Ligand code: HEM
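A single chain comes next, written as structure tokens; it is the form predicted on its own.
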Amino acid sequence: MADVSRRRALGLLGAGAVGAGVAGLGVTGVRAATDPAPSAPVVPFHGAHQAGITTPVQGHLHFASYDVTARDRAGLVALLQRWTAAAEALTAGREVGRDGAVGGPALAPPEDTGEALGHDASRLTITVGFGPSLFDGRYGLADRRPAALADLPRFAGDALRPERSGGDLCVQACADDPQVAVHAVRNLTRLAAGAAAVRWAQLGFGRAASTSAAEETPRNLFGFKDGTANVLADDDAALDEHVWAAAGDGADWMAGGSYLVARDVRMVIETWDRTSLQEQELVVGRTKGEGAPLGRTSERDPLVPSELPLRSHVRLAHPDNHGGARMLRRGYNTVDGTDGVGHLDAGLFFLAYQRDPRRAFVPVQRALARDDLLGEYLRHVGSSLWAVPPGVRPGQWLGQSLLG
């Protein structure tokens, strides 16, 4: 049968069908499913906000930035419609296309690449954002660029590589299975042929933040707990104040969306590993074992910035020093082999969602770049900013609030 889904290969079928408003567009199709709900967790694709922001952080990341090559606005819209249909299928654990990986004609390329056959949805989320360069006039969007999507400044110590920064579109695919995340980006990239091309990409593992109180605070590659004071998914007041854009912010089409800062931060692992435990803790401002503020005993004990070393990382980044500004972080650890001279090419792929980067990330990073003792062990080599539009309702497509 042509109508073969990935979950059917397991004897399990995902529930739900693509909204008629998208399926009727003649873009990449998604098969209707009539089978029982999957046994593995599925994160709903539709909602007021895009999944992959407040979603409890999955174990693996594949992030990709794209340069749009579509000749006109209609081509960009068609791309986003194809991506919507595919994302609806993939996040439900189904294959891309009507025939999937093995159900089509033998002499034609399969519609789905097939490496996720036999895998479930693995809590896959696909989150799409728009970079400042998309508003350069090619697609009639120059007057719709939000003020909060202002280009990030260059910070002291930045060693940015153009080939690791920027882009017109981004896709953040997170899943509990690395192959499922890679499969998602691979298939979206295939669907972008002729309309967009990958500019750069990054794989991540071992989450370096938590968005749920039920998750244990993870550790970064310096061995310290990371993200203890993160904004959490069940704190609606904090999300409204610090994460979700509102219509009154000046860009109605972004209401319910958020702004994503992505920073590729390389860690000087070898130097750090030769630093004493005492100095490591003074640099960070927390104990390495428990993650407690220095002078305290528990990770969740109150942190009083004035009680910590003046140039410690957590003191400088504390909201009290920045008008109460907070961000929702969901970064990942990275290891990309070696740097060619025997050093581990490793670090943190920093991802932070916020209502307005000018009031959150920018002032915090300025303070860190100027005074943070941890900066001796870090190299910022990539920097990007994205407007992540609100979620998709059934029958709608990604970015419809901007381009519809």
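Please read these numbers as outputs of a predicted model, since none were measured by experiment. Position 1 is the first residue in the sequence shown; the rest follow in order.
From this point on, the text means the form predicted together with protoporphyrin IX containing FE, which you will not see here.
- Heavy atoms within 4.5 Å of protoporphyrin IX containing FE in the predicted bound form belong, among the stretches 62-70, 348-356, 335-343, 47-55, to residues of 348-356.
- Residue in contact with protoporphyrin IX containing FE in the predicted bound form (any heavy atom within 4.5 Å), chosen from 242, 123, 286, 82: 286.
- In terms of contact with protoporphyrin IX containing FE in the predicted bound form, the residue from 253, 222, 205, 200 that brings a heavy atom within 4.5 Å is 222.
- Among residues of the shown chain, residue 314 is one whose heavy atoms approach protoporphyrin IX containing FE to within 4.5 Å in the predicted bound form.
- In the predicted bound form, none of the heavy atoms of residue 76 sits within 4.5 Å of a heavy atom of protoporphyrin IX containing FE.
- In the predicted bound form, protoporphyrin IX containing FE sits within 4.5 Å of a heavy atom belonging to residue 267.
- Though the partner is left out of this view, residue 111 does not reach within 4.5 Å of protoporphyrin IX containing FE in the predicted bound form, counting heavy atoms only.
- The putative spot formed by 303, 318 and 378 is fully lined by protoporphyrin IX containing FE in the predicted bound form; each residue has a non-hydrogen atom within 4.5 angstroms of it.
- Contacts between 359-398 and protoporphyrin IX containing FE, taken as any heavy atom within 4.5 Å in the predicted bound form, involve 361, 364, 365, 368, 374, 378, 380.
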